[in-house]
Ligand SMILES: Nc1ncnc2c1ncn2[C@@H]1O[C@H](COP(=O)(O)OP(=O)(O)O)[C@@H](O)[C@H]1O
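Single chain ahead, by itself, as C-alpha cells, in the form predicted alone.
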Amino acid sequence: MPSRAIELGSGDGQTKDGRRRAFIGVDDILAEVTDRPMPTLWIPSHNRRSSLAHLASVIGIRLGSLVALLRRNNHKSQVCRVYRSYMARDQFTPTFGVSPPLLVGRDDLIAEFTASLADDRGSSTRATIYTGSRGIGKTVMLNEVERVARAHGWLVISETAYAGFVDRLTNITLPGLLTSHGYSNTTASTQSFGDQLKLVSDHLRSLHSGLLITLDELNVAQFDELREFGAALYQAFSDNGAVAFVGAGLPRSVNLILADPALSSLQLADLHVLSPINLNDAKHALRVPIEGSDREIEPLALDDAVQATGGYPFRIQLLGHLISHEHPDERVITRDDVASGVLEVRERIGSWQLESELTELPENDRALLVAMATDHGPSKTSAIASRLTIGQSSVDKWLAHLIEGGVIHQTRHGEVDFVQPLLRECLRVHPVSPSLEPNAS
C-alpha cells in the first residue's frame, strides 16, 4: 500500500464545484520525514471539526490529541511523530472479500482477463468463473477484474447472486446505467433482462466501451434466475456484444450449477479453480506490507509465517495482521510474535471458516472427514472404510462427493488428503453425531 502524506497546519481551499474545503497544511515538513513521493490526503468537508475527526481516525489518534498538536507553535517534531504513527499502522486486510495491499500469485489470470477486453471481436475468456474454498481469494479476484475493466474504460456492475438479482439488474441497475449515459429508454419497464442487456451492450459498443458484470456467491438456490441470466448472457455473446461476465462461488455450488442442462450457457465459461499461491509469493505478500509500515521481520520468523499460511490468501492477511499487533511498538517482528500469531490464526480459522463449512456438509461426509483427521498426512481409503466399518464402495462415493466439493483431493491412487490442512485440526475437536463416530483402528 503506497504511503500517503498527511498535511497538518491550517488553511482554506475550494473544491472544483466551488464549495469551501477545510484542510490542514505543511507539506514541506512531511517531505523531510520521508523520501517517497506521496499524494496529499485532502479532507473535504463543510465543517472543520468533522474534517479533523476524519483525519484523526485515518491517522489513528484521538481528535483531542490532534487538535492539541495543531495548536502548538513549533509542531514539526509532532508532525513527524504522527506521520510515523500513521505509517506504522497495520496494512493487512483480514476481512473476507477485501482486496489485500499486495495481490500476488494471480498474474496469469489477470493477464488472461485483460487480454480478453482488448479483443474487439470478443473472446471466450470474457466469460469466467472462479471457484475454490473459502479464503482462497475468489471475491478478491472479482475486485481485481473490476479494477482492470474500469482501467480499460469499461463500465462495471457488481452483483451477488442473492434472491432477486435478475430483477435488480433489469429494473434498477441497467436502466439507471443507460440514463446516466444520456440514453432515454421509455419502454424499460416492459423489457426483459436480455433486452436491457442488449440495449446497454449496443450503446457501449458505439462508445468503444463495454460492460463487465461480476456475480459473487453463485449458488443453487437461485437456479431459475441463473437460467434467465445465463440465457441472456449467451445471446449477448452470440451477438458479439460488448459484454464480459465473471462469477465466483464455492466448488459444490459451482459444480451443481454447471451440471444443470438448462445452464449450458454458463458451461461455456472458463472455469478456474483457485489454489493456494506458491510460498515465494506468500513470502512477498507478507514481507512487503510489513516493510511498507516501516518495520522488519526476522528472516526465520518470515519463514515460519509463510509455512503457517500454506499459501492461503486469507491466512496471509490474518497472520500478517496478528503479528503486526503482537508488539506494535517494536520495529522488528520476531519468531515469538509469529508463533503467537499462528496459534490465534488456527483458533480463528477454525471458528470463522472451517466450522461453518463443516455445518454445511451432510453428517456422513463429516464422519468420513473425522476418520481422515486421525492421520497426520494423506489417508488411505481402505483405512477410512475400516474405521467407519462400511463398504469401500460407499466410502468411494462419499470421497467423490468431497473431492467434487473441493474439501479433499486425491494425492495418489487410493489416498486422499485435506485441501486445507487446518481442517484436520478443526475436525479433531469438532463434535459429530455419536452414531457416526468412526471406530478406532
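Numbering starts at 1 and runs along the sequence shown. Fair warning: this is a prediction, and the values are worked out from it, not measured in the lab.
Just so it is clear, the following notes concern the form predicted together with this ligand, a form of the same protein that is not shown.
The single contact residue among 227, 321, 134, 287, judged by any heavy atom lying within 4.5 Å of this ligand in the predicted complex, is 134. Checked against this ligand in the predicted complex, the residues 267, 255, 191, 139 give one hit for a heavy atom within 4.5 Å, which is 139. Residue 103 belongs to the set of residues with a heavy atom inside 4.5 Å of this ligand in the predicted complex. Contact annotation: residue 313 falls within 4.5 Å of this ligand in the predicted complex, judged by heavy atom distances. In the predicted complex, this ligand sits within 4.5 Å of a heavy atom of residue 98. Proximity of residue 93 to this ligand in the predicted complex falls within the 4.5 Å heavy atom cutoff.
Look at 104 to 112, 199 to 207, 338 to 346, 149 to 157: in the predicted complex, residues with non-hydrogen atoms within 4.5 angstroms of this ligand sit in 104 to 112.
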